[in-house]
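Here you'll find one protein chain in two forms, each presented separately as structure tokens under the names structure 1 and structure 2.
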Structure 1
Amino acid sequence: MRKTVKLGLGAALALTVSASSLFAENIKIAFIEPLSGFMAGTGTSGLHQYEFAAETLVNANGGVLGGDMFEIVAFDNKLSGKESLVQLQVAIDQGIRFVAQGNSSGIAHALIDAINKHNKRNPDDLVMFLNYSAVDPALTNDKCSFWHFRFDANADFKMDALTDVMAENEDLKKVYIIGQDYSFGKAVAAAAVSDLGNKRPDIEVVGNELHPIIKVKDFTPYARKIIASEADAVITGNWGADMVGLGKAILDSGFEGPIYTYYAAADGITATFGEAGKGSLYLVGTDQLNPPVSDRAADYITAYKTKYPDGDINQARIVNVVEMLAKAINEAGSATDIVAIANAFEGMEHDSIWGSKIVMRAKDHQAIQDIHISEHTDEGAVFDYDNSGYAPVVKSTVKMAGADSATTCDMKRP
């Protein structure tokens, strides 16, 4: 019995080895995200979106460089920086040159540090970091790297766009800012205070509060304080259970103004808010699914929903990552010359399937694109989230947000 197991294992190993050598021309992208633990839902959803984009937009159209296929290889980082570095090393040892990650800016910092070191020591075996979600502004400012490209708008751009829209609302007099007590929550609060101060000095910030992250059981007292402050609007960068708890408490307490958020959608959040959040919840972000901008976008979403009926395209920019990478590889004429591919990325202009034009700014490797303010509603929600009938529907758009923004990036080119 033991022997047969060993034999079987050996055979399986041999098969995988020969299989990987058979498809050696596949261009592999390492997807390093939490695939177990409490954030596994987000990671798995992102993986599906990568696989689907690679399959339908690149491989089905004949691949890149006249026949090379994209292959997404998943690595579970358990949402830990240390584990991410282990997985990065495994990916590099497998000869993978492209790394995609986005959940947690802390992990993004750890990864780009490691990649910088690796590329310095191994100039013949370079690695590129495709950041599709980590929004800490530092990644394209002080900590910017030639090997790092960010496809999402950074937190400052989003706040800039959000406050642009808020500033147009003359009825807005008092704003309450509340967030989780850690770097991102503090960054959101600081950006909100300074942006509002510049654009509408007459708006009073009646509360600027940080609450312990994932520790608050009952958000009702915070909601009471917000109402007692007579705020007209709330800004929060909360995510996950903290977003749901805070949002529900505020709505239950009778707050009627808008709640501006970064992450109040998908992964069960849209379904949980449902009718109660209608007309109150707003999201700032780069993705536009509703209303669909073109038949191509609509067909793409429909095809995705057919394959994953319980899934949602909640990180639509993943499609941009895949399409722009294919474009850069074709332009560079090689899937191994990372410097040439990076150069192809710099200044690249791309018409996204989601309607926006995207420019990869050369000086800091930050994608410049449209930022939308969406409303949580069922009206015009053609493609709903969580199969709930509700979805964020774009209400206003800031074209090419942050295009003229300054950066402290001092890019070191090879």
Structure 2
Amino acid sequence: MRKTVKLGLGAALALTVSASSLFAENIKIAFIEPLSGFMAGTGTSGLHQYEFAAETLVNANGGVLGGDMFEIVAFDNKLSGKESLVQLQVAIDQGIRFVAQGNSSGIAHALIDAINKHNKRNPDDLVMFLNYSAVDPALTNDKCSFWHFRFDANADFKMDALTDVMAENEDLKKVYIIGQDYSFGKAVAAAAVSDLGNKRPDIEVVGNELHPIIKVKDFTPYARKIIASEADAVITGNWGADMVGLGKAILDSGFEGPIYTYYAAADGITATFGEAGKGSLYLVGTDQLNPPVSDRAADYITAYKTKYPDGDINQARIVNVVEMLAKAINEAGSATDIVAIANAFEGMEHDSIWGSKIVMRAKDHQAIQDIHISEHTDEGAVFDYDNSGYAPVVKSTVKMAGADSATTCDMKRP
């Protein structure tokens, strides 16, 4: 005898939700960064920021395409180009179509080359590269790729903004340039020499050197060179532990001039400098947390710091990556048609939670946005970094920096 079971409204709704969820799929994003070793803190911080953005800005609002959720899948590349390629292949083998990376332009070059080759050989299994922090200008110039999108401002854009500020400082007569020995460090040095030569030809570059990346344990010898050069200011693109080591050595040596940086914030850097960095450290970048631009931005930061009390949003552009990817997928009507998603990205305009309008330039896939110059200080640090009481506080802004800049990109389209 057949039994009939009657369900209450609550149970019926639960079954309906359960059934509908069977048709929803997670859209996976491979996060390929250092999660162990010398730079593990930088990678782990970025991972948390991606996970939080995906969960709160996309998944909590119903996902994309009517219910598909973002899932961040972490892969440890140990800051190695070779290991990055291994992890990329593992991600592709798992069916992941979106790759996020940003720490090291050298690794970004390797990933783009591999993705270009993969997509050429596998037109039915295409992969997209979401670059949130690798800023070597070549990546959207001669090495540009249809499959690559950069959400950070490139090193040339940032140096242009930074040297505008430096040019106004009449006390600057001698500058020392120092950075990590790879493509990004070289790009920073070349841009600094060129921009200072054009804007302030009276400024003498008294030092221009590169050091091995993540291998120097004691930066004292470099600091001694800087002091001996009688430089009035230092420019560096160092990041992670290399920024901590270099900056601390310079300040401990008694250097009193400004240190102009790209990444001197959070991940222990802000706490390390503390009071010593006040009036000394300046940061160029696209992020603005202090002062917060809106209640929405402030609420987001507060929620993040509630979940990660020891964490900081030091790569705020990750939010832009997640929101713009969701927008592109919805516009394309598919999470697997990578060409359609790329086409949706091209020319996209997005109002960032951080206050800047972002335009993804179609001709080279370079995001155009505001660039800020911030000062390491405790004055106006509404949201401090490293629970230190200090943070980068915005002092000046270049609106839509690089909007009219030229590019040598010759985009090969499918």
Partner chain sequence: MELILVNLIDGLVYGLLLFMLSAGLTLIFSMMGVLNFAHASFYMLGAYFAYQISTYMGFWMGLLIAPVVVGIAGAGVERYGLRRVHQYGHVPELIFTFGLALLIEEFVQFIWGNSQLPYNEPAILDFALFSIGSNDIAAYKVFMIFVSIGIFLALLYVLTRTRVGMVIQAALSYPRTVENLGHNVPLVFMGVFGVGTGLAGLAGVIAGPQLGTFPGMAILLGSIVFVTIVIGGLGSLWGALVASLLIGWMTTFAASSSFQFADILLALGMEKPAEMSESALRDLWTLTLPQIGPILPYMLMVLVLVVRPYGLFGKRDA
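Keep in mind the model is a prediction, meaning the values are calculated, not measured. Every residue number counts along structure 1's sequence, beginning with 1. We call the rigid core the largest set of C-alpha positions that still match within 1.5 Å between the two forms.
Q: Do you think the form predicted in complex with the partner chain is shown as structure 1, or as structure 2?
A: Number 1 is right.
Q: Superposing on the rigid core, does the Cα of Ala100 end up 2 Å or more away between structure 1 and structure 2?
A: No.
Q: Relative to the superposed rigid core, does Ala138 relocate between structure 1 and structure 2 - that is, does its Cα move 2 Å or more?
A: Not so; Ala138 is displaced by less than 2 Å.
Q: Classify Asn290 as shifted (yes) or not shifted (no) between structure 1 and structure 2, where shifted means its C-alpha moves by 2 Å or more with the rigid core superposed.
A: For Asn290, whose C-alpha is compared between structure 1 and structure 2 after core superposition, the shift is less than 2 Å.
Q: Check the Cα of Lys173 between structure 1 and structure 2 on a core superposition and give its shift in Å.
A: Residue shift at the C-alpha: 4.5 Å.
Q: Core-aligned, what does the C-alpha of Lys248 shift between structure 1 and structure 2, expressed in angstrom?
A: Shift of Lys248 at C-alpha, rigid core superposed: 3.7 Å.
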